[in-house]
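Just the one chain here, the form predicted on its own, laid out as structure tokens.
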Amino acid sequence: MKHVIYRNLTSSILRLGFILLLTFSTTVLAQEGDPANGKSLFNAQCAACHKLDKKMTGPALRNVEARLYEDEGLDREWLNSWIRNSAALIKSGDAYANKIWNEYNQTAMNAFPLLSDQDISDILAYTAQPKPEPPKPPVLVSGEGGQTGDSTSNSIILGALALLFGLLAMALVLVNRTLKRFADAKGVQVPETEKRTPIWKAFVQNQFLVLVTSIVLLLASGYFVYGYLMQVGIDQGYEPVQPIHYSHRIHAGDNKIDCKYCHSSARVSKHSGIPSLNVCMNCHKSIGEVAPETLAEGQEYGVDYNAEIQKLYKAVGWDADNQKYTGDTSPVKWIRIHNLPDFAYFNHSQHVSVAGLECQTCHGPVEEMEIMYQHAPLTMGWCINCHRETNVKVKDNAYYTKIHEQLSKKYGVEQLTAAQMGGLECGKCHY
């Protein structure tokens, strides 16, 4: 009887040890790779369809090896086969491979036959890392990273000065009253000062001063009225808050996205055009959340980039969880920033495609703008000065070859400005 109990106990201990060994080996397999190299491989090969903690075109991959082993009993060998050739695994009739394929709308996964075992180990080591804590907004300490300490000290100084002046005024009033009482008590008569003509009466009686003052006031009024009227319709510095925050600093600056990728009609049309939200979704179908570092940058501007992406999803009717459009859309009421008068004609394609101007020439350092604003005044004088100072690019431009030869002889110059080619004619912009 004791031998039976001993054998049962021994087999139970061995079974438990085997299970622990398998669990430990699974964890070790996920950690034997290089997470740093795995991150670069993941970003290059996997990030277009997968995120670590959120479903995208494919499933979330955080702790994917451990989850597959615990839930489905699938080991590293199965993962290697799936990563290198998922289509072959599906055709073989593998149950879980077909389940995943059907669950994600039968979307074919790219094959990666060139990934070595070590590459896959590195990627899985990266996916096995714990989820990092979200960045906390910086706390401004008095005197550090802000002006809290300075503003507080300035308020204290101003308050002390105001109190001091108030005490001095009260002291002067008390001294004046004391002196009057002392004079009355001693019978001292204080001589009364003679009443003088008020200064305003003296001024009115002096006709020369009245004339000079009137002329100065008229000239000053005319100057300020002229300055005010010249600013009518000029919106330089205009920086409206858009319904969906869009950071040109990130897109055009950090990510180096060409302006004409979004504003494609600037090449061929009078207008640069408002990009369709489908253009945004070309990237944001795969980018539902920004990196923690970028999210922390947004907090400095008071913007939650992830929340703005959700606004985009709501506008286009995108269901990020199921990776499909719902059809429930809503228009985005963008606020126009650059707006010329109706009587002024400006053609983007003529300047962008023919003249070869960069967008920054008129719109300023767009790649540095967190919020887009009107950089230039866009006045008639500003345009005319540009035409007078800008040489026309005639190299490798057959359109200008003949006219350049004729006009360069006429003006006796090698380089022609836009003004010399008719850029100051009224009909160019007003017709």
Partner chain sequence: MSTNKKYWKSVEELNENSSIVETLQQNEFVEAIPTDEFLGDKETLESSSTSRRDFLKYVGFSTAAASLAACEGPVVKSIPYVVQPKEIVPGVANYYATTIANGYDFASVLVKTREGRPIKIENNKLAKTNGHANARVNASILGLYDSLRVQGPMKGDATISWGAFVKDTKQILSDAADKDIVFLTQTFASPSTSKLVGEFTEKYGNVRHVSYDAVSESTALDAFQAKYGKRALANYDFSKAMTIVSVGADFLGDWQGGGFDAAYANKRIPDNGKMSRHIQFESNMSLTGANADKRVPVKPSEQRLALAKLYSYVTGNSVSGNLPENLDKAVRAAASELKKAGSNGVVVSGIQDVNAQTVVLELNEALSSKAFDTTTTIHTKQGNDKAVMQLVADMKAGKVGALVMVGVNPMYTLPNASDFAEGLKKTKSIAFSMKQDETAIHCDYIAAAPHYLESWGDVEMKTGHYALMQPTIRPLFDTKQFQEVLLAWTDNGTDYNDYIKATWTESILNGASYNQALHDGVFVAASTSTIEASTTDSEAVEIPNGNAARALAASAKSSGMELAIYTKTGMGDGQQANNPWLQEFPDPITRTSWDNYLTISKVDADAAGLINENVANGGLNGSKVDVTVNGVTVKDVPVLIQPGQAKGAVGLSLGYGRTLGLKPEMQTGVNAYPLYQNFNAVQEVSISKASGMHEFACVQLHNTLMGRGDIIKETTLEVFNTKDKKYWNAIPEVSLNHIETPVTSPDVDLWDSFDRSIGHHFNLSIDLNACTGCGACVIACHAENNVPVVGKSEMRRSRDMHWLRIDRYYSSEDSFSEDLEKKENISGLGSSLSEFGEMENPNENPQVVFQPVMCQHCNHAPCETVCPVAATAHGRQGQNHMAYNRCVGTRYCANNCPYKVRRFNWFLYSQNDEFDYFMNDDLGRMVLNPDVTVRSRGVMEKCSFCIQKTQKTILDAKRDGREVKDGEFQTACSAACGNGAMVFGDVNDKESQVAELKEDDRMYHLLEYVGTKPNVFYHTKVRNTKA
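Predicted model only: the values in this text are computed from it and were never measured. Residue numbers count along the first chain shown, from 1.
One more form of this protein exists, namely the form predicted together with its partner chain; it is left out here, but the text below deals with it.
- In the predicted bound form, at least one heavy atom of N278 sits within 4.5 Å of its partner chain.
- The closest non-hydrogen atom of I90 lies beyond 4.5 Å of its partner chain in the predicted bound form.
- Interface residue remark: P130 is not counted as part of the site for its partner chain in the predicted bound form, having no heavy atom within 4.5 Å.
- Under a 4.5 angstroms non-hydrogen atom cutoff, its partner chain in the predicted bound form lacks S81 among its neighbouring residues.
- Of the stretches 290 to 298, 158 to 166, 333 to 341, 202 to 210, only 333 to 341 has residues with a heavy atom within 4.5 Å of its partner chain in the predicted bound form.
- A single residue from the set S286, S221, S214, S269 has any heavy atom within 4.5 angstroms of its partner chain in the predicted bound form; that residue is S269.
- Among the residues I274, A183, M230, A307, the one placing a heavy atom within 4.5 Å of its partner chain in the predicted bound form is I274.
- Of the residues in 342 to 373, those that come within 4.5 Å of its partner chain in the predicted bound form through at least one heavy atom are, in sequence order, D342, F343, Y345, N347, S349, Q350, S353, V354.
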